[in-house]
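Take a look at this single chain in structure tokens; it is the form predicted on its own.
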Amino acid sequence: MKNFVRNAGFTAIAAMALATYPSVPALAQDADYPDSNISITIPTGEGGGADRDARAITKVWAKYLERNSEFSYYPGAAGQVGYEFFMKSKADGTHLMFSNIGPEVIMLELQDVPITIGEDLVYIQKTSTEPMAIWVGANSKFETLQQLIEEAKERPVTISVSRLPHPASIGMLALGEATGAEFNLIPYGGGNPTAMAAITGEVDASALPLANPITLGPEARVLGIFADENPVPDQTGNAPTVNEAAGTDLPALTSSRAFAVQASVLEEYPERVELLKKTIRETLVDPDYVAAVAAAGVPVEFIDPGDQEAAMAEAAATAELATKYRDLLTGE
């Protein structure tokens, strides 16, 4: 696993209650925090799920950090463009990345990117976690996952994905390997065009994080979820897990969104980093933020205030998963 320093272990760590965190400065001036806006790099396109989530949290975060946020979008090469741009930004704690841990750690593992998680960049605070899902548009002929699998045994079935290095892509390729189905993955470069391809029938089905089909409401029908159990049955038509529907034994496939900083910031500006962590955690339990998430159509169950240790543990586990399925993802 070339892009991960295993300083966090491979065991997922449950999110800790807000009250258990150590006390840190409450105001930006107490941590000698610069009097400037926060600059946030998003390594995907404007208007996508990461942008939606980042805007929801920063609107509430501003009242705790007493700073507004500015966004820059650098889609391309499955997130590589954004990561490389971010690493060139000023390393003083005022420049953050809003990351998709799952797909972007996979990207770092599979592509020749000179960035090592843990040495160069650190995920400091998770904001949400959700499982991957297989779903179809409302007008699709496929009513169940088993129907989709049976068709894919007769002909290649097209699946839209946001990018090939992605937990959802691993799920579909692993499902095909386990069942003898042939899934042809087509990357669309972002959640919105990926979803639209399924809704319009341009592809047979789509594989994305579960929030995507949920936010589409009646336009989408979830066929299966890559998880041990369905976390939001009421919002997914009581969709089964993939393993339940297909009789497989695939790993749970999830992804979290998280804020990250350059690793040097933790050493040079530790008080600033602690301030960022504390105010993000306060935001995540603020009723205004919970309401903003619900208003965006995203299940509040996906809110996940996992700390730095939990975020880095997920990155390590994802790197291991990418190594395990490297041959499938690269076509080797």
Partner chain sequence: MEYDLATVSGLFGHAFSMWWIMIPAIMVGLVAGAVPGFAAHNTIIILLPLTLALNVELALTFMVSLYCASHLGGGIPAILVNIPGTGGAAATTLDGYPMTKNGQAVKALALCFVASVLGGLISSIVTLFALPMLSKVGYYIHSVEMVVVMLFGLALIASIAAQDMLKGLIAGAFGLMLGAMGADHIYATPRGTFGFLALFDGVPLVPALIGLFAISEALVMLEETTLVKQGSQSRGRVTWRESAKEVFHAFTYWWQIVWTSILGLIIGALPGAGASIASFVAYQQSLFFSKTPEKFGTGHPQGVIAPESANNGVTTGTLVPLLAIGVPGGSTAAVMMIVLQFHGVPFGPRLFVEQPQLAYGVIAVMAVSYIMMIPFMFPMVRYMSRITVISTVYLAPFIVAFTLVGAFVPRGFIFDMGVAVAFGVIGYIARKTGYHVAAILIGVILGPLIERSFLLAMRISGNDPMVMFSSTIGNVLWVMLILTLALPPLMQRRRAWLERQTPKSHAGPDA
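Keep in mind the model is a prediction, meaning the values are calculated, not measured. Positions refer to the first chain, counted from 1.
Just so you know, the form predicted together with the partner chain exists too; it's not on screen, but the next bit is about it.
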Are W61, T116 and K126 jointly within 4.5 Å of the partner chain in the predicted complex, each by at least one heavy atom? no
Only one of 245-253, 70-78, 226-234, 144-152 has heavy atoms within 4.5 Å of the partner chain in the predicted complex; I'd like to know which. 70-78
Partner-free chain; cross-checking the partner chain in the predicted complex, the single residue of D51, D286, D307, D304 with a heavy atom within 4.5 Å is D51
Interface residue in the predicted complex among A181, A91, L185, A174, criterion: non-hydrogen atom within 4.5 angstroms of the partner chain: L185
Is the gap between G47 and the partner chain in the predicted complex 4.5 Å or less for some heavy atom pair? yes
Even though the partner isn't displayed, in the predicted complex is R55 close enough to the partner chain, meaning a heavy atom within 4.5 Å? yes
Is there a non-hydrogen atom of A296 within 4.5 angstroms of a non-hydrogen atom of the partner chain in the predicted complex? yes
N238 within 4.5 Å of the partner chain in the predicted complex, heavy atoms: no
